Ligand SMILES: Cc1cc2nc3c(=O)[nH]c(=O)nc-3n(C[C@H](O)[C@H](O)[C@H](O)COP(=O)(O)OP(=O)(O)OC[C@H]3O[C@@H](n4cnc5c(N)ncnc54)[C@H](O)[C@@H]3O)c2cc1C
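Form predicted on its own, single chain, as structure tokens, below.
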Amino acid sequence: MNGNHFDVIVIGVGSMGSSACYQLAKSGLKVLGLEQFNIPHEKGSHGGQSRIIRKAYFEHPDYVPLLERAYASWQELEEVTGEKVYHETGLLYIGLPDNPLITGVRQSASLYSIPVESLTVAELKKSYPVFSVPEEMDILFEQAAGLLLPEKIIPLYAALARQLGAEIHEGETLIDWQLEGDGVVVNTSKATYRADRLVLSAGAGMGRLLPVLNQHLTVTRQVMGWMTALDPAAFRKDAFPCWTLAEPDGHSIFYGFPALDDVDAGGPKGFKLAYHGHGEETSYDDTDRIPDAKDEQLLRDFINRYLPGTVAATSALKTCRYTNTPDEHFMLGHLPGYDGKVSVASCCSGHGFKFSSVVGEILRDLTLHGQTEMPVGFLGVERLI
């Protein structure tokens, strides 16, 4: 059985798991990564071509130190692979002055001296004439923000991990796991494995892996679309930023990207937008991933309100899944009651991908040293148990 014994097993080789496999293998550990689907895939949270990265974090200022390290880690990935995975486009934040999107950005920017510029509606219209927003909205612009390419990044991390000796199995489904002696035993659809440590990063599958947490996790179905513009030049990456807009109802947030037609990003053509509000509740097993006319109408209605007269046709529609915690913060740290042998990195409530580079480093530290110097106490799993 020695061939089936590893220093650490990672369950789920997606956003967090692929980065963890790389960092753990880089540290000289014998690593096994288990992914039930392909790498990458569109059945979880990372599908859909692009993800925003930003520093003036409205969700909570304690994320900012993690982002500072994440930016450096993304640069390191580009240097190691020679591949470009981050594109700085700048980012617009648009919302009423008292909306948490705006107040949170201002708070983080003030606490950490992040350059954020205020724009008037007239200045917005001059720079980006496709937008039409009410005069009472505040507009902020963060230049040092942009987008990442998850469907490019995850295979890069997996490939690097394999080059460093990690075993990564695709199409292998976890059946169960348990502590045994000084380590863990993992049973899959193909074999039984043993390891000294275990990392759980299974996204929407976390409720199944950890039934004690299932009642605290809500899986939602989120829609995103790509639009063919009447004036494609207005949405080119060199002319149009990423953006996020909180509607006056206080609940609905939409966000979007420039067209990546000239970028090695894969996926549909045209500019992208998506809904960040609370989507339709679903489950790990539901097969409701195919978008429908209602999904398209949700996005089209938003465009008619804030980007009127810009779209010639809908190029594509897709869905992804958020796995939401009650406070919408991550689960990141040791699983209580398992003597530091099991770490969790998942259920990121739809805003986790930008952190995946630094999360891999945090999981490495937790596995090797039992602790990390990164400030992740507010993300501990114990708050949900």
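Keep in mind that what you see is a predicted model, and the values were worked out from it rather than measured. So that there is no doubt, residue numbering starts at 1 and follows the sequence shown.
Same protein, other form: the form predicted in complex with the named molecule, not shown, and the subject of what follows.
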{"query": "Ile11, Gly14 and Gly203 all contacting the named molecule in the predicted complex, non-hydrogen atom within 4.5 Å", "finding": "yes"}
{"query": "Position in contact with the named molecule when the complex is considered in the predicted complex, options Ile153, Leu209, Ala195, Ile94, heavy atoms within 4.5 Å", "finding": "Leu209"}
{"query": "Interface residue in the predicted complex among His41, Lys341, Lys26, Lys30, criterion: non-hydrogen atom within 4.5 angstroms of the named molecule", "finding": "His41"}
{"query": "Thr173 within 4.5 Å of the named molecule in the predicted complex, heavy atoms", "finding": "yes"}
{"query": "is_contact(Phe58, the named molecule) in the predicted complex, heavy atom dist at most 4.5 Å", "finding": "no"}
{"query": "Close approach of Leu335 to the named molecule in the predicted complex, 4.5 Å, heavy atom", "finding": "no"}
{"query": "4.5 Å heavy atom contact, Ser346 to the named molecule in the predicted complex", "finding": "yes"}
{"query": "Residue stretch of 109 to 117, 219 to 227, 134 to 142, 83 to 91 approaching the named molecule in the predicted complex, non-hydrogen atom distance within 4.5 Å", "finding": "219 to 227"}
{"query": "Those residues of 39 to 67 which, in the predicted complex, come within 4.5 Å of the named molecule by heavy atom", "finding": "His41, Gly44, Ser45, His46, Arg51, Ile52"}
